[in-house]
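Single chain ahead, written as structure tokens, the form predicted alone.
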């Protein structure tokens, strides 16, 4: 039976709408549900919830837990692949992993320094692993004693300290929570099939203590721990779920969605919950950026090296120029960039991570106007094209990317990010749909006008002989607002497709 007038109205509305459900996408499903229920009756709509996220564009991901203490090594053996999966890779018995947790004492953890780094990097939100697949809670949970307050000598709740530091610096806080996989709790799901270079196990469990019923795990650990996270740490911007593994059906995902909406109506639900229409935005694959621009709300989660959790052997750091290009590339295609750091077992963020992020932050201090709140490119040719000759491993035409420049937009501006400075002293752009009122370098405080000349195929912008920025220089094209507003309105309508 319906529990309330709200539940009754949901039944009436969704009963009539259910015939259409199969014909719409997951993103459109969220918006359709918002439209049917109405923000005035049941809280914020999807667009109201996600407006800050579209403005932010750049966030910090943090993978941190007892696996950080192992740093990719177990019993003298270094394991390949991502560091936070070492319990799975080494098939560490639960008793041994609990013993490890009893030695996890990250005394150098400094919430203020972590959040300051996010701010220095120009990031606007921070999402940290509150519970990863190892089942260990990085917060003081009353639900399960396998947590950092009860099971370690540290005895502090780093999530509370991060929440306070984020509030002081106006950084929005989010929690990663592994809702399906749990290698410690009886009944928790465990990965089946290929994973990196790991063997494919006929039986995913490796410890008898892992056996159990998934719904019992879901009801006695997941639901109450999500309730704790959304009740004890102030406003939470995002709940970042992961690896649904097929067990997160519509019914289970809907229960989590309902819990989030009831406790924190403005909290976003990430794209890896499972179910059907329960997420607020889509998640690309790890380190995956689409070839072309795409509509809707989406995010690329990515690493600074080759791992998420700390590994002492992984020094394959990306360059600041590469990270900056990826940020611009993602925003120009309509997405957000969630970039990871992996602190070590003492709570120290590796120095290369700090140096890379602060370099990107220095670029954003000059050029952030072209990133925060910016939308997709009106062009598309700059991304590259599919080859007419070459094919990929699946036999499909291979995409051949280009990286000379990208374009981000606001209602009355185009921002052209130049990564390869033209040698001819000019920038040739495709046909622009607006009348350009003024062109200037974003790094130029005096906004000295650059020459703009129409051509048979587009428009040419006169440039100085050398680039003002070694990573990327941004040309701002101010447009006639009437024309620009028409284009912005069309882009807004496409976001719900």
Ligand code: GLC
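Owing to the predicted nature of the structure, the values given are computational and were not obtained by experimental measurement. Residue numbers count along the first chain shown, from 1.
Omitted from view is the form predicted together with this ligand, to which the following refers.
The partner is not drawn, yet in the predicted bound form one stretch among 274 to 282, 327 to 335, 126 to 134, 393 to 401 has residues with heavy atoms inside 4.5 Å of this ligand: 126 to 134.
Here is the short version: of 415, 363, 114, 240, the single residue with a heavy atom within 4.5 Å of this ligand in the predicted bound form is 240. Of the listed positions (188, 72, 342, 301), a single one reaches within 4.5 angstroms of this ligand by any non-hydrogen atom in the predicted bound form, namely 301.
Among heavy atoms of residue 182, none comes within 4.5 Å of this ligand in the predicted bound form. Taking non-hydrogen atoms only, residue 61 approaches this ligand to within 4.5 angstroms in the predicted bound form. The closest non-hydrogen atom of residue 369 lies beyond 4.5 Å of this ligand in the predicted bound form. Using a 4.5 Å cutoff between non-hydrogen atoms, residue 356 does not count as a contact of this ligand in the predicted bound form.
Residues of 167 to 189 placing a heavy atom within 4.5 Å of this ligand in the predicted bound form: 176 alone.
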